[in-house]
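Next up: just one chain, as C-alpha cells, the form predicted alone.
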Amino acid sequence: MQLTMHNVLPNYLQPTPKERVSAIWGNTVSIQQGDLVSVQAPSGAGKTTFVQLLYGLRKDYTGTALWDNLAPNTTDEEALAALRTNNVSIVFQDLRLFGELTAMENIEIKRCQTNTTSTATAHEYLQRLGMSHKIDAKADTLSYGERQRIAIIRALMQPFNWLLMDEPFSHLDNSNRQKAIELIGEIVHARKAGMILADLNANNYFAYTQTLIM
C-alpha cells in the first residue's frame, strides 16, 4: 500500500516561504509500505494536521493525498472506515482514550473490532510496557505517560499496513520509551508495515528510511 501526495497544502497555511522549504507541503511525496519515516516539524508547521489528514479527519486542504487510489478527503464513509479498521492505525497526540472506561476496556474496544489479536496478546503488551497493574484503572485517572502507553497498545490491536504516530513518546521516560520502541518495531517489522512518526525534533527512535522536514 503506497502513500502519495502532490501539492497538498492545508487551507490555513500560506504558501511556504522560500526560506523554509517544506518536504511535504506543496511538494510531491511518495512513500512505500515498509518505509519508516520521520517527520520533523516545528510548532505551527502543521504536524498534527498532516497526520490527521492522512487518517481522513482533516479535509480542509488543496492537492491530493492517496493511499493507493483512495483519497481520504473524498472517499465515502464506508470506505474510509474500512481503511481505518484494516489498513491504517494511529496514535493521536491527544490520545483520544475514553476517560470513563478502564485501560483494558479502551484496548478491548479496538481489539474487538477485528478480533485479529487475542486478549492474551493485549495482556502481553501491557506487561511489556509496565501497565499490567493498571488494567482496571479508569483512563482519566492515569498519568499522561500511562495513557500514552495504553494508546500505543490500542493502536497495535488491529491489522494495519501503516502506523501513524504523533509525538507518541513525549511523556515517557527513557526506560519506558525504549520498551515502547522495541514493541512497536517488532510488530511493524512482522507485519511488513510502513510507519510515519511525526515529532518536533530529530530523533533516532527507529532506523528510518526517510526523514521529511516539514
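Just so it is clear, the structure is predicted and the values come from calculations on it, not from any experiment. Heads up: residue numbers just count along the shown sequence, starting at 1.
Omitted from view is the form predicted in complex with adenosine-5'-diphosphate (ADP), to which the following refers.
A.B. asks: Any chance R177, E182 and G194 all have a heavy atom within 4.5 Å of adenosine-5'-diphosphate (ADP) in the predicted bound form?
C.D. replies: The answer is no; none of R177, E182 and G194 reaches adenosine-5'-diphosphate (ADP).
A.B. asks: Which residue, N161, T49, S38, Q158, has a heavy atom that falls within 4.5 Å of adenosine-5'-diphosphate (ADP) in the predicted bound form?
C.D. replies: Residue within 4.5 Å of the partner: T49.
A.B. asks: Exactly one of G63, G34, P42, G145 has a non-hydrogen atom within 4.5 Å of adenosine-5'-diphosphate (ADP) in the predicted bound form; which residue is it?
C.D. replies: Contact with adenosine-5'-diphosphate (ADP) in the predicted bound form is made by P42 alone.
A.B. asks: Could you tell me which stretch in 184 to 192, 52 to 60, 26 to 34, 149 to 157 has residues with non-hydrogen atoms within 4.5 Å of adenosine-5'-diphosphate (ADP) in the predicted bound form?
C.D. replies: Correct option: 52 to 60.
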